[in-house]
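Two separate entries follow, structure 1 and structure 2, each one form of the same protein chain as structure tokens.
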Structure 1
């Protein structure tokens, strides 16, 4: 038989003023199963809590209803008190007499009547509560960070600094990401490589970090604390253990005309290559597509020249399985393909370039050694037109959103160009200037006021190449209210920031959602900006939304904090409000599996003693379930129930309201 205790709080005058608490206590005492019903001035005070604890012990209570404020306020307090008195904390429920009754009604008899109802409902519910115990999940204290750009490097370094192991997976031959390609960074104009490369080296040498470059995530199984990840280590054809990074191989490689991805196709590289001189690890790989030894079996120069015999043409991809407890996705971004804009030449005009190409032209280590020279003829351009919002804020053909960083880097580009070409003319077409950030607006003002960039507010409607090689840029100056036409030598498009192609696949593997643009979805846009719907998977950097470097680094460090928090205890305790499948009733229609926002409902084979599969059913993974109960309502057989909100409890509540 249920033995329920009811405790009515006056909350000083807050409840007591409009609710006759003594009368509620009296009425509650008459409810079936209630053995003690008391009211008190402040139930949350020490004496109040003691009153509950004493009653639990003396009356051998099987359930408690505290009728006080909102459970959002003090449920934890009272449940802790119950636990201290030896009652399972999940056998305590709260009736909300303050926020939902005394504060919103003035008529004392009516409010008192409603308060009795609220208590009665909770009494009937709590009678059907059962003891629940926090779910313990083992945690493998190793993190995997996917993406070796600044976001991934920062997250890995911070986790490693916290004393936990990190596997940093990067698909290209070197870490560094886009930041390694930048010339200078806004708003301070410090050299990007100068501030980045020490971090890259630190990541490579940190004892807690395992670098896996030229590798890609192939499969992700498991759940928070217990992910099993399969990583494809692509064939490098160079044994990194033997290679010293001396560079003889790429110096001698006869295939030297391959457009360099790192240089945004403006420079060239060899078939055996490191992407850039400061690459980490500084060990080359062979590009199997362009190496004649691998394609035609002819050449072999690198093998002959290598003093360490590190070249292995027989190398194969390798699949490595690792166990990790948390995953940080830091896969970054790429630039929107502006060839979709026919009016800007549809990608056919070689002197219409994107932001990265300009970065490489401006970079001291770039293909022009930092001189601004246009791709078509290598001449120094005298007029450069910069166009912002190329593909951004364009629902029709491009992306609907603002790419956030373009205003700043375009100002930087205009500035760098004017610093390098003193008599040059920099014209910037913009829609709005969005320079919200520390020192950002000052920076754009500086570009305009000190460095003489001409800002034209308006869109460019057409770019074409005149027979003399000039690029004619026609647009509108909406402030002056007239069309403008500029004869330019070089046009730089601030292409929209878009997520990495193929990023959806990784998201699906991890159970992470993504928006219509392909950016990964955070668990809550305001309050959980680094978590995802998949517990144990976190987001850093531009894979979640366009971001500049400081925001990216901040988010990466936030990820590290989340990961270290998760790894702080060997076991993870989770709220036991989870769904459970009655496997006898489940007919495996898979509705719940389709429905679960967290991928927590999964197929489970039931086998007989011989190991034959006799039935397949759905099963809830406690590690993933967040307790929303959507699967429960979707199940036609009602083979699923939700602890804490069982059908029996809810039906009792409804019946009590009759």
Structure 2
């Protein structure tokens, strides 16, 4: 016989000012099966929890209903209290009186009546609950980090420092990401390479980290704690075990005029190359598209001069399968293509460049050895116009969101230019300045007050080249209320931060959601900011949203903490709210298999004693199932139920309201 306890929380005034909690408790006491019904100001507090524990012990309760706030907030708290009192935690249910009642109603009698109904529904449900027990899953204590930028490096180092193995996968020949391309970093103007390179070397030399550069994730199977990942190691045509990184090959390579991706296409590289001098690993790769030996069968200079016979033109892509327990996605970002702005030259004006190109011009390791020079003729520009929000906050042509870092890196660019060209003029067009980080507002003020940058509040309407080669920038000064026309030698656009191309494919492999812009979606923006809907998959850095370096590093360390928490025990305990197939009813229509967003349903062969297959049915993998209930809704033969939300429970809830 059911013995149910009902506990009504006032939640301070959140519920109490709209709902008559004492009246709800009195009405709940009249419900069949309810043996105790109490109300309290703060049920989640220690006295409130103790009230629940005492009632469970004294009244020998078989079920508990707590009517309070959202289960997202305190269901774990109340379940823990029930377990401590000796009641299976899944024999406790919560009625959400705050979000479903008090926050959406103003009429007190109506809200109170609805609250009674919500309690009645959960009482009927909990009567039909059965004891559930956490599912235990074996955990492979190795993590895979996808992306070798500062986010991936930080996450890998923190996980490795915790004593766990890490596989760091980077699609480029070297780790380092975008940060390796920067000249200096705001707001301290540290040399980017000086602070990043030691981290790169540490990651490469750490005994717990396996670097897989020039590699891409091909497929992801399995579930939390037990992922099987297929990684494509692209053909390098250089044996890294033999190569010493002496540089003879790319020094002698006759193909030296290939635009360098690392230098934002402003510099040149050879067909066999390392992306930059501090590359890790410092072993070259051959660009098969531009190598004349691989395309035409002619040349072979690098093989002839290599002292270690490390060149292998017969090299092929290799597929490697690895088992990991957790995945960290740190795939980073790229800049929006400003050629879509026809009014800014549509990408045809050579001296209209983006932020990364300016970084390479300002960098000592860049194509101009740190001197600011125009790409068109190599001359020093004496007037540089910087334009913020190029593609950001523009719903018609670009992106609706703010790219967060543009205000800061534009201020930095203006400073770098003034530090190198002392008599130069730096003009910044801006909509408004968003500098909310620590020391950020002071940094932008320094650009204006100490370094002489001229800030003009207004949008640029057009950029074109005059016959004498000067760029004419036309815009408006909205503070002065007048049009502005500036003769510029160089224009730098603060292009929007966008996700990397192909990111959707990786998200689909991992079962991770993404928004309309392509950024990966976190499980909850406040409570679970680095987790995803796919258990065991975490997000770090700008693949989730535009971020600066401090936020990226912080999020990467948060991912590492989550991974280490996951690996803390040899077995993982997870919620038992999973679907189950009644295999006597299953007709193997495969609707659930085709529909499951997590790939949790699969075929199962039922064999007789002789080993012959007599029937094929659907089966749910408990490790993968997230309890979404999609398979229950789609099943034509009504063969699937969801633990904790069975048809019997749902129908009982509906019936009690009739």
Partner chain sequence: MVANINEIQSAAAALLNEGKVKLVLGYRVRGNDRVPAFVTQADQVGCLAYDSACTQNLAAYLRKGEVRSRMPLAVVARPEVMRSLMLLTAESQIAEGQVTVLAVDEQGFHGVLDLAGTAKLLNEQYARIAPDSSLMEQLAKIEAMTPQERSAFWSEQFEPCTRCYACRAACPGCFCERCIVEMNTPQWISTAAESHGNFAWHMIRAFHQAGRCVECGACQDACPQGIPLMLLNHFIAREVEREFDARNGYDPQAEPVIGSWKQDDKQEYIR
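If you superpose the two forms and keep the largest set of C-alpha atoms that fall within 1.5 Å, you have the rigid core. Note that the structure is a prediction, hence the values are computed from the model and not measured. Positions refer to the first chain, counted from 1.
In this pair, the copy labelled structure 2 belongs to the form predicted alone. The two forms, fitted on the rigid core, differ between the two structures by 2 Å or more at the CA of residue 75. The Cα shift for residue 181 between the two structures, taken after rigid core superposition, is smaller than 2 angstroms. Think of the chain as two rigid blocks: between the two structures, the small block swings through 21° with respect to the big one. Lined up on the core, residue 47 has its CA atom moved by 12.6 Å between the two structures. Taking the core as the reference frame, the CA atom of residue 583 shifts 3.0 angstrom between the two structures.
Taking the rigid core as reference, the CA displacement of residue 125 between the two structures comes to 4.6 Å.
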